[in-house]
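This document starts with one chain, in the form predicted alone, laid out as structure tokens.
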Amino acid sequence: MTNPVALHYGGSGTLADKIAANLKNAGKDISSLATTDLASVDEFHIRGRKATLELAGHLQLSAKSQLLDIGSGLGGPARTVAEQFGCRVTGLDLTPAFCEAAAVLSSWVGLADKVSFQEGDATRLPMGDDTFDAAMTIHVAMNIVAKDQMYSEAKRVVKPGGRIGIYDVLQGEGGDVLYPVPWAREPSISHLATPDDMKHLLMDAGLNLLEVDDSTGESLSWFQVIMDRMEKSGPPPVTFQTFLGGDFPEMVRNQIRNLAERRIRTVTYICETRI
């Protein structure tokens, strides 16, 4: 039986083919793409590439580092970090269509030797203990009930003293989330933690909390800039609508309202595994 979360994100057809067709229609040459050419579709989170680099900047990465990206989607953050820091990144995602497309997109931008992707469950990571120097997860836990298992597993596979960066959408104080949103069309696959929940979850998983940053205001401003830009010059060649479908504009409108009314918050946590 198809997992409802994978079904929500996977869409139909081959994602890489859809993305390639949109890029070609916009005059892009697939043989000479840069990672920034894909940012409008593969940095599938609020504040995009900027947020990815902010998070990775706290993880003490070097060219020798092995990083795990939990919930890697189309691989945008993995590619961004591999390109900027020179490290090797392993991406794991529940959605087979994402893993397949992520590998293809990585080959387009010449990063197939730096990043790899595999299908798997964030609450049962198919990796050994102390495998990675660091881990990150970006806009993933909103679809996961067993967050305690997710963070315990992240701690298990990261070496003692290694860092784990989490950037997620949390439940705000402004009321229930308005649906549909990019991570869920209705509440059954949406499982938001509160900021208080997060602190307890991370500490109970054996993580030391080093830094917390609430970027809700910046996230709302980011959306407003995107909307203004689209009104003036139209949408980019490829967007998240490529795999989320025709109700994506409604998702964006709800996302902006949810942020403005503090129904959701965007928060980053930088943690260190206890030695």
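Start at 1 with the first residue shown and count on from there. Quick caveat, the model's predicted, so the values are computed rather than measured.
Below: the form predicted in complex with a small molecule, not depicted.
Q: Although the small molecule is absent from this view, report whether residue 80 comes within 4.5 Å of it in the predicted bound form, heavy atoms only.
A: Contact with the small molecule, no.
Q: Decide whether residue 100 counts as a contact residue for the small molecule in the predicted bound form under a heavy atom distance cut-off of 4.5 Å.
A: Contact check for residue 100: no, nothing within 4.5 Å of the small molecule in the predicted bound form.
Q: At the 4.5 Å heavy atom threshold, is residue 95 in contact with the small molecule in the predicted bound form?
A: Residue-level check for residue 95: yes, a contact with the small molecule.
Q: Just to confirm, residue 109 within 4.5 Å of the small molecule in the predicted bound form by heavy atoms?
A: Residue 109: no contact with the small molecule in the predicted bound form.
Q: Mind telling me which stretch in 80-88, 199-207, 151-159, 137-145 gets its heavy atoms within 4.5 Å of the small molecule in the predicted bound form?
A: That would be stretch 137-145.
Q: Can you work out which of 164, 105, 122, 177 has a heavy atom no more than 4.5 Å from the small molecule in the predicted bound form?
A: It is 122 that has a heavy atom within 4.5 Å of the partner.
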